[in-house]
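Below are two forms of the same protein chain, given as structure tokens: structure 1, then structure 2.
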Structure 1
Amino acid sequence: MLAVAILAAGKGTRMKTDLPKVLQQLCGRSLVERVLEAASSVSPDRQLVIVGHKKEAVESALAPIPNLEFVPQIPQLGTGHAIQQLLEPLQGFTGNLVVLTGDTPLLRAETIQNLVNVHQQRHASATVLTAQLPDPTGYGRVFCNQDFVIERIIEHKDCTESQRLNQRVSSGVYCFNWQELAIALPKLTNNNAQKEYYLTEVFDYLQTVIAVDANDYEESFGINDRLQLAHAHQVIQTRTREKWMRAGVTMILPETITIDDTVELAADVIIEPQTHLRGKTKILGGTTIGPNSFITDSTVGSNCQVAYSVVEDSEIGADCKIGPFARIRGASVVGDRCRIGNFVELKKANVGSQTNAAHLSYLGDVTLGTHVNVGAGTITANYDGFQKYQTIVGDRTKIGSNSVLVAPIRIGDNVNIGAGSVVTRDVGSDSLVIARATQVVKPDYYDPQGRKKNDPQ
């Protein structure tokens, strides 16, 4: 049996925020969500989250994740006190307990799995995930024998000059034999300036405690302030970009590109500089995104071009050209081989295949058929001050430049709407629509200086 406990009760005062530290966002997910995802790799039989500061907010944020058990720690009196709260919910449990902190989002799944494997193979009382830091200044040093059995842990300030040359430190991630830990936990004391119970004291009461080094020391980094959060963002971005470039994605100036690790990219995608991909975005092969584009929670089909544009919560088919300077939002769907061009905005739009809106248009709450051409400056007037209305346009219809379609309205198939028209009534198929005032010309109206001839001044 295996249980995982995540420490998520702290306030995180150095973050300077009312939001619990573990709920701080990092590349599309909270810190604690990232830790939970990594922990799921070991297929635990039980997952317990120890909550305290604003526990209702933490529990609400994690409610969609199944099979979580929330254990309150009130008040918060240290890491040892936090794990003491598990004595009742884990009463009768036999097996191992992995202890993680909710603010270590860089921890990889394979690292946790290796920690558990080594712990089981060595039949240890406790196994500590350690890291070899290039600069361990300020960290307590972990001293082991040649078999990686921990002999002692010495705080930095108490180390001799030679001891400070040791670069091995504890990450605060552990795997315990629960039955041995349960016997040791009641022995913890708070004889320190903070009057807190430290989990590391249990090592004094356990038989065999061993160390396992993380392959990447950055996995051990916790997040305590905004500077460390920014560094974690850089680490995740580097990992994500390297992953996709190795999978066949081309990135031009990758250091200028940000990609959430929830994004999916196919081989032969090209990402131009200053492009940002967020959420559950999916980009299919042969597509070029950017430069200077932002896409979130959207799908872009194969062999598309999206330049200088924003796509939000929408779907774009194959072989489309988007932008420059287009915005597609509000669960819009664009069919195959479409052009959504310069300064065109779609909102809750359903666009049929091979339809073009190339310039300067707002198309909201609209359904466009196939092979429709939308002239420059076309607007769907979809709002009457109280609610939104639908515009429906049939196949092969041509909408002249600077036209206004006043919703609710339905335009049939194969309709031609004259430029500058304001269309307020439904139009049947195969029609020509001209909805504008008759042109009036008054010749010889001005004198050579541009004054009205009949102006008394």
Structure 2
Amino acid sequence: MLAVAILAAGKGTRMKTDLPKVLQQLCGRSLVERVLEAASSVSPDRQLVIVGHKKEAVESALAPIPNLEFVPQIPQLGTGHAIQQLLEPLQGFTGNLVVLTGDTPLLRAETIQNLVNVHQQRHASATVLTAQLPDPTGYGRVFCNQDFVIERIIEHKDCTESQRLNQRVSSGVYCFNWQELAIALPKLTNNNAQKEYYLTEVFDYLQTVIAVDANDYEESFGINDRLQLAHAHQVIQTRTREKWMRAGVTMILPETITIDDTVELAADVIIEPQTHLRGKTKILGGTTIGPNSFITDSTVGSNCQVAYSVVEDSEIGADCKIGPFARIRGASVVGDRCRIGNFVELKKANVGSQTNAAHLSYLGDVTLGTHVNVGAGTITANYDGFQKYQTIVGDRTKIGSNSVLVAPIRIGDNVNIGAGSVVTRDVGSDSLVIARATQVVKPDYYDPQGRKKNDPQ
């Protein structure tokens, strides 16, 4: 049997945050969600999350993840005290316990798997994931012999100056033989610089404790403050970009591009500089996104171009030209071969295929048919100050420049609306509509000096 426990009860004092530290977001997911995802790779029989500080917030953030057991730790008296809380829920459990800290989001699944494998092969009491860090400040230092048998782990604050020179650190990731750990846990003391019950003291009471160095030392980074959070961001972004470039995505100046790891990209997507892809975004093949675009929770079809634009919660078909400077939001759906932008905003818009709105428009709560041409400056007046109303436009209709469609309104197929019209009533198919003041021309009104003729003054 294999159980995993994740330490997520601490306050995160160094983060200086209202949010529990483990809920800090990192490229679309929280720190602890990332740790849980890596943990699930070892297919544990039980997953226990130790919660304390703002435990309701942590529990509700993790509620969508199935089969988690939350174990309260109140008050929080240190990492050893946290693991002592498992004595009751894991009573009678036989097998190994993997312990992870909720603040090590860079850990890879295969690294945890390797730790468990080595632990089992060596029949150890405990196996510690260690790393040799260029700057080990703040971490517990691991002292071991040539066979990687650990003699002691000493917390940074309890080290002498010369002990601090040791660059081998504990990553806070361990695999324990649970039955041996259960006997050792009650022996912990808080006789140290922080007056806490350290989990690392438990190694003094266990038989064989071995160290396994992580291949990539960055995986063991613990995120305690905003600088480390920013660094983790960079590490994850680099990993994500490299993954997509290997999968056939072109990136121009990749270091200026950010991509959540919930995003999916097809081969032959091109991403131009300063582009940011967030949430459940999906981009299909042959499409170029950017420069300077922000796409979140949206799908963009194949062979599109999206430049200098913002797309949120929406779907764009194939072969579309979006932007420069379009904003598409509110669950809009754009068909194939459409052109949206320059300076066009779509909100809750359903746009048929081969329809163009190419300049300076606000189109909200609207359904446009296919082959519609929306003239420059067209506005849907969808709001009367109290409620929003729908505009429906049929196929092949042409809306003249600077028209206002006052909703609720329904315009048929093949309608031609004269430029500058304010259309307030429904229009049947095949009509010409002109809804504007008639032009008034008064010839010979001024004299050559620009004075009004026949002026009584």
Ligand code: UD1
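Only a predicted model underlies this, so the values are computations on that prediction, with no experimental measurement involved. Along the sequence of structure 1, residues get numbers from 1 upward. The term rigid core refers to the most C-alpha atoms you can superpose between the two forms while keeping them within 1.5 Å.
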- Item | Form selected (criterion: the form predicted alone) | 1
- Task: Classify Gly78 as shifted (yes) or not shifted (no) between the two structures, where shifted means its C-alpha moves by 2 Å or more with the rigid core superposed.
- Result: no
- Task: With both forms fitted on the core, give yes or no for whether the Cα of Pro136 moves by 2 angstroms or more between the two structures.
- Result: yes
- Item | After fitting the core, Phe148 CA displacement of 2 Å or more between the two structures | yes
- Superpose the two forms on the rigid core, then give the C-alpha shift of Tyr446 between the two structures in Å. 3.6
